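Let's start with one chain on its own, the form predicted alone, as structure tokens.
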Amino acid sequence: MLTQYAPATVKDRYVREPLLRHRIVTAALLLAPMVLLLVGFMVVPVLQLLRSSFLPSSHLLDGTGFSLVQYVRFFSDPYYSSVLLETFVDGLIVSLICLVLGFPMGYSLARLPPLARRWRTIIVIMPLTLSLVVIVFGWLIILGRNGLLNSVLTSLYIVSSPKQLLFTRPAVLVVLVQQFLPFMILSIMSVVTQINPVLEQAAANLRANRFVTFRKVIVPLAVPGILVGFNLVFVLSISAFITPRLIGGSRVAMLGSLIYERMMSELNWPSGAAMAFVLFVSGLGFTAAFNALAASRLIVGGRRYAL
């Protein structure tokens, strides 16, 4: 019996190995342009920016050598530390507001019929197709001293005179929420659509009210979508620079707009590069710690329910 099947096995091996090598070569050729594009236009510039952050000079072309002076200046100045803290606080506030507003919308979209969900999803995605500059200038018209919102408030006699709405931190937070809310909605919707509605019906049959069903069934199963949306909104919020610069002006300082001003206005690329990498490392560390904490809580909660 062994001698009968041995030739077939050897033949299959000699047929499969060239086919496997052909597939590997084809996959490598298909991935090569994308990898080269990423390496040439993202990895190499980021490495050059990292190198410029260790220059001792304040100008990119005049500096040589290696120094930590840019990072020392950043951490030794209380102003930069306060701006970094305010940036993270603003990112957390925007993420929490988007979560509170986006979860009901994402859940309602997920429970709609496929055709109705498709059209409403298009409505949610439409703001993302607009240019960010166009959106910001639209908010400048709405929040201006003679803008739409002040006109409505004065015509309804809610306020006696136009109020200063622009160049305030609440205005920046409102615009950031409007910009990044679709990411939270789509992240939650994509997860809730995979939750079987039968689980909610089973909880109702066990005399669980809507709040208990929401807290015990829906939220634990939707945690992956919540984490994805929270991370997306948080990272986009702390790295925003157009909105804080135009809506907040000089009164609202966020690290993204400060980096843009340092590089483009003052042409101090080493200092701006150091700020950028401080923001990158601190943001990466925060999101990693937050995800690790959430994952540990999920594991502990799962073991508790299993017991």
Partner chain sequence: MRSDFTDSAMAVSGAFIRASVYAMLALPAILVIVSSFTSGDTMKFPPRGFSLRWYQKAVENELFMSALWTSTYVAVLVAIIALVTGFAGAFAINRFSFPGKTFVQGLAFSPLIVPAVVLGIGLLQLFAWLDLTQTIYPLLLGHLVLAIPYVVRTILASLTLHDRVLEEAAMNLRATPLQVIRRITLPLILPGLLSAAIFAFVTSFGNATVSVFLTYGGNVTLPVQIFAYVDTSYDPLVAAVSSIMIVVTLVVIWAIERLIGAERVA
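Numbering follows the first chain given and starts at 1. What you see is a predicted model; the values in this text were computed from it and never measured.
The next section is about a form of this same protein that is not shown, the form predicted together with the partner chain.
Notebook entry, point to check: Do heavy atoms from each of P56, I93 and A294 fall within 4.5 Å of the partner chain in the model of the complex?
Noted result: Judged in the model of the complex, none of P56, I93 and A294 sits within 4.5 Å of the partner chain.
Next item on the list: Sort through 113-121, 219-227, 75-83, 156-164 and report the only stretch with a non-hydrogen atom within 4.5 Å of the partner chain in the model of the complex.
Entry: Of the options given, it is 113-121.
Item checked: Residue contact check: A288 to the partner chain in the model of the complex, 4.5 Å heavy atom -> Output for A288 is no: heavy atoms all beyond 4.5 Å of the partner chain.
Item checked: Contact test in the model of the complex: V174 vs the partner chain, heavy atoms, 4.5 Å -> Residue-level check for V174: yes, a contact with the partner chain.
Note to self: Can you work out whether G248 and the partner chain are in contact in the model of the complex, taking contact to mean some heavy atom pair no more than 4.5 Å apart?
What the structure shows: Heavy-atom contact with the partner chain at 4.5 Å: absent for G248.
Notebook entry, point to check: Applying a 4.5 Å heavy atom distance criterion, does T168 contact the partner chain in the model of the complex?
Noted result: Looking in the model of the complex, residue contacts with the partner chain do not include T168, since no heavy atom lies within 4.5 Å.
Check: Though the partner is not shown here, which residues of 153-185 have a heavy atom within 4.5 Å of the partner chain in the model of the complex?
Finding: Stretch hits, in order: V174, V177, Q178, L181, P182, I185.
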